[in-house]
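Below you will find one chain, with nothing else, as structure tokens; this is the form predicted on its own, and questions on how it binds or moves follow later.
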């Protein structure tokens, strides 16, 4: 289902503060279906590889350190126009600029500790989902 899947990560700040359930419920209310989920603690090498696209940018080292600071919850989500809809639901990177009712406005601490990650294109969503979940682990909800 090209264009209908996206990757979400509930980041270490939101997991540590007990907001994972509220964020997941918010996503389900918005019509997202969880196809796969896994609580993980990323190694520095894993976080570096995942965020390699940002290598060399001023925030890269801080981002890798943050993403390895505690467990996070990657989610493979599905719905129509998943990437675009997810980006709307989570809001702007900086929670002070995020619209009322968005996940980041409700649950993020700051621009750097912004509760969730989201794929920014269908191509990146496919790559990012595959980083965490082999195809065999994605729930086939149509078959149940």
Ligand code: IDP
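Residue numbers count along the first chain shown, from 1. Note that this is a predicted model, so its numbers are computed, not measured.
The same protein also exists as the form predicted together with inosine-5'-diphosphate; that form is not shown, yet it is the one meant from here on.
Q: Only one of 87, 35, 105, 26 comes within 4.5 Å of inosine-5'-diphosphate in the model of the complex by heavy atoms, so just point that one out.
A: By the 4.5 Å criterion, the partner-contacting residue is 87.
Q: May I ask you to check whether residue 55 falls inside a 4.5 Å heavy atom distance of inosine-5'-diphosphate in the model of the complex?
A: The answer is no: residue 55 has no heavy atom within 4.5 Å of inosine-5'-diphosphate.
Q: Is there a heavy atom of residue 65 no more than 4.5 Å from a heavy atom of inosine-5'-diphosphate in the model of the complex?
A: No - in the model of the complex, heavy atoms of residue 65 and inosine-5'-diphosphate never come within 4.5 Å of each other.
Q: Although the partner isn't part of this model, could you tell me whether residue 112 comes within 4.5 Å of inosine-5'-diphosphate in the model of the complex, counting any heavy atom of the residue?
A: Close contact exists here: in the model of the complex, residue 112 approaches inosine-5'-diphosphate to within 4.5 Å, heavy atoms only.
Q: Is residue 46 close enough to touch inosine-5'-diphosphate in the model of the complex, meaning at least one heavy atom pair within 4.5 Å?
A: Because no heavy atom of residue 46 falls inside 4.5 Å of inosine-5'-diphosphate in the model of the complex, the answer is no.
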